[in-house]
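What follows is a single chain, given as C-alpha cells, in the form predicted on its own.
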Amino acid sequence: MGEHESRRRILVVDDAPDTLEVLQRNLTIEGYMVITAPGVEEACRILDTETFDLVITDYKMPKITGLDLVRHVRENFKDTGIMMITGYASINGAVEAVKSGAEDYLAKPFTEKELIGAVKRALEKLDARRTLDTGTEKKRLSAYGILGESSAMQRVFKAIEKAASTSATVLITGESGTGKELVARAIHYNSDRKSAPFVPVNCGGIPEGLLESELFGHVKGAFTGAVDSRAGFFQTADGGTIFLDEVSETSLAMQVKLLRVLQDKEVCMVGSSRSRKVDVRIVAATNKDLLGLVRKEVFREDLFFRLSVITIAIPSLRNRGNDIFLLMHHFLRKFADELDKPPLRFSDDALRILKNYYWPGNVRELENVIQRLVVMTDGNVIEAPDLPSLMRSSGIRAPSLNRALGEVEQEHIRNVLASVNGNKTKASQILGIDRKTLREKLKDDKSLNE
C-alpha cells in the first residue's frame, strides 16, 4: 500500500451493523481511512462536513435507498467516487446505479479480494476523472515541459537533469513515438549550450549518398551539382547540440566518419582535404536494439560505446500508468482550441478502452487518435463507439502468437466484461460458464485484482 492510497478516505453506508464492521475492518487493513454510517440520512450529514474519495453504499435500506444516495453524491460531490453493494436479486437495481453514476458495484456475497479489487477499480476511475480536470495540467508539466507523473517518467526527468549538467554524449532509446526528440531538446535547453543551436537530423530520412554532405558539408565542385560550398549540420550546430535520430540507420562507412568526429572533434567537408574543429555535443536516438546490431556486426561496437556514455530509456505509453490521462487531456484541449470547439470529455467506457489499448505508436499515435476524435465528434462526450474499430474490437495486446492459453482466455474475459459494463451475470451467460466459475477465473486475473 503506497503513501497515496493510505490517505484515501472511504464512507461506508449500510443498515446492517455486521456488514459495516466487516467492511470497515477489511478496508482499514488495506490502509484506507474508513468512516461508517447506518443510513442515507446520516451519510448525507457526514458528507456535508467531511471530504471522501469514495462512498460505498448498500442498495436496499429502509426509508431512503442507496440509489438515492448515488444520485445525491453524483449531483453534489463530483470529486467523490461511489460504489454500490447489492444482493443477487437486485442486479437490475445495480445496473441502474451504474447508469446513475456509480463507479462499480458488488453482488453479495463477495470475498475480501473482490471487495478490495472493486474499491481499487472505483478509485482508478476517480483518478482518471481527477487527472482530466482542466485546472491541473500546468501543475503536472515537468520542469522540461514534458507531461508525466509516473515513476518511469520521473526516472527520465532525473536522467535529463544529470545529462544536462555535462557535455557527455547521450544515447536515447525507446519505441517509435515515445518522445525521444522532446527529451533531446530538454537536455539541450537545460544545459550550458541552450543559447546555441539545437539541430535535429533524421539519419533514416536522408539517402545514404547525401548523408555525408548533409552532416559535414561540401566544397564547391565536390560532386555534380555542388555549385557552391555549403556548411553541414555539424557546422550549423557549432557550440550547441546535434540530435542524430535513427542513428542505427547509418551505414558502417558513415559510422566510421561519426566515430572520427567524436574522437577528434573535427569534421572534413566533402571534397576538402582540411579538417575543421567543431564544438558540438552529440545526442543520438534509436528505436532499435543497438547492442543486438553490434552482435550482428551491422553497428560498430566502438561507436556504440562512444554514443552511450549516458543512456536514457524512454518508457512506452502502455508502461506509463495514468500518464495517458494527462496526455489525453492535453491533446483534447490543444485540438479543441485549434478548431474553436467546446471542451470535450470521455465516457467511462471510452476511457477504459483507451487505457487498455496496447498503443504500438505510443504518444504520437495517441495524439493522432485524439485529433481525429476532436474533429469527428459532434457532441461534447466521446463515447466508446466513437473510437477506432481496432481499439473497440480487441483492446489489442502485443500482436504475437507466443502467448499462453490462460493469458488469451483472461483477456477475452476482460473484453466481455468491458462490453457489458462489468455485469458478471451477463458476462457469464456470454462466456457459457456459471457465475461461480467466472468468479474463480477473475481471482486468477491479477490485472483485475491488484
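Remember, predicted model here, so these are calculated numbers, not experimental data. A residue's number is simply how far along the shown sequence it sits, counting from 1.
Note that the form predicted in complex with a small molecule isn't included here; everything after this is about it.
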| property | result |
| --- | --- |
| Contact test in the model of the complex: residue 238 vs the small molecule, heavy atoms, 4.5 Å | no |
| Contact test in the model of the complex: residue 176 vs the small molecule, heavy atoms, 4.5 Å | yes |
| Close approach of residue 331 to the small molecule in the model of the complex, 4.5 Å, heavy atom | yes |
| Exercise: residue 364 in contact with the small molecule in the model of the complex, heavy atom 4.5 Å | yes |
| Site test, 147, 287 and 320 vs the small molecule in the model of the complex, non-hydrogen atom cutoff 4.5 Å | yes |
| In the model of the complex, the one of 300, 180, 352, 188 near the small molecule [non-hydrogen atom within 4.5 angstroms] | 180 |
| Listed residue that, although the small molecule is not shown, lies within 4.5 Å of it in the model of the complex (heavy atoms), from 312, 128, 344, 327 | 327 |
| In the model of the complex, segment of 371-379, 112-120, 269-277, 356-364 with a heavy atom within 4.5 Å of the small molecule | 356-364 |
